[in-house]
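Here you get one chain, nothing else, as structure tokens; it is the form predicted on its own.
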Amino acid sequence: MRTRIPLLVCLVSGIIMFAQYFSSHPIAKTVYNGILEWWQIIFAFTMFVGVAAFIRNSLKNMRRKGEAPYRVAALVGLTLMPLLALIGGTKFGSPFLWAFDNMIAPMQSTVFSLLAFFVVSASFRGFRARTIPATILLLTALIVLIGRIPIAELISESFPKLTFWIQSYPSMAARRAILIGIGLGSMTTALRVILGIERTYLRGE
């Protein structure tokens, strides 16, 4: 009984969402809008679950050597930002917006800059011309990178055109093939969940 009710709810919800997508009837639209409102409520509760899990993991990992200061800073930030929003609001000049602009935004920029260095290092390892496909990939990447900077027009006027051609045709063809595969995989997974074949989400801990 503990699994039959969730499976039945999943089956009915999946059929309703699938049917309303191909229907233009006003009742279908009304049902869909109602489900969206419930989805927002569920999303709000999942945020509470995520925050509770983050606090639990932070308190548990705080005992590890060297991690306590970072865990304390994360918990202080998690507590301080909602308090600042409740006390002073989120308007211009508020403490919340000041903390966001002067603390969170610089930290996000730092994380993305580090991510850029990781991408460059991974590209350097992946673009080594050891085989013919790797050589083609390396040359294509160099053409696209050079074609996206202003100096490319000084080299040749056709250089930027070649870059846009690569992005519009060969790259787009590969991207569409990947998107089609993702779509088919998502549809297969959704059907397995709706029909009750995939039940891993019912196991909990």
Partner chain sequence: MDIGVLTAGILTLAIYSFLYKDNPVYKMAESWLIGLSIGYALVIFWQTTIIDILIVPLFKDGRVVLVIPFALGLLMFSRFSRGSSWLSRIPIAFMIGAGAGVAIPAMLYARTLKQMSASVMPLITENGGFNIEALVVAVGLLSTLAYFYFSREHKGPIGKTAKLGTYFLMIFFGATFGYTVMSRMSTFVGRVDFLLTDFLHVIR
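Numbering follows the first chain given and starts at 1. Model, not experiment: these values are computed from the prediction. Just so we're on the same page, rigid core means the largest C-alpha set that superposes within 1.5 Å between forms.
The following text describes the form predicted in complex with the partner chain, which does not appear among the structures shown.
Although the partner is absent here, residue 69 sits close enough that one of its heavy atoms falls within 4.5 Å of the partner chain in the predicted bound form. Interface membership of residue 196, defined by any non-hydrogen atom within 4.5 Å of the partner chain in the predicted bound form, is ruled out. Contact check for residue 46: a heavy atom falls within 4.5 Å of the partner chain in the predicted bound form. Of the heavy atoms in residue 173, some are within 4.5 Å of the partner chain in the predicted bound form. Residues of 61-81 placing a heavy atom within 4.5 Å of the partner chain in the predicted bound form, in sequence order: 69, 70, 73, 74, 76, 77, 78, 80, 81. Core-superposed comparison between the shown form and the other one: the CA of residue 150 stays below a 2 Å shift.
Comparing the forms between the shown form and the other one on their rigid core, the Cα displacement of residue 108 stays under 2 Å.
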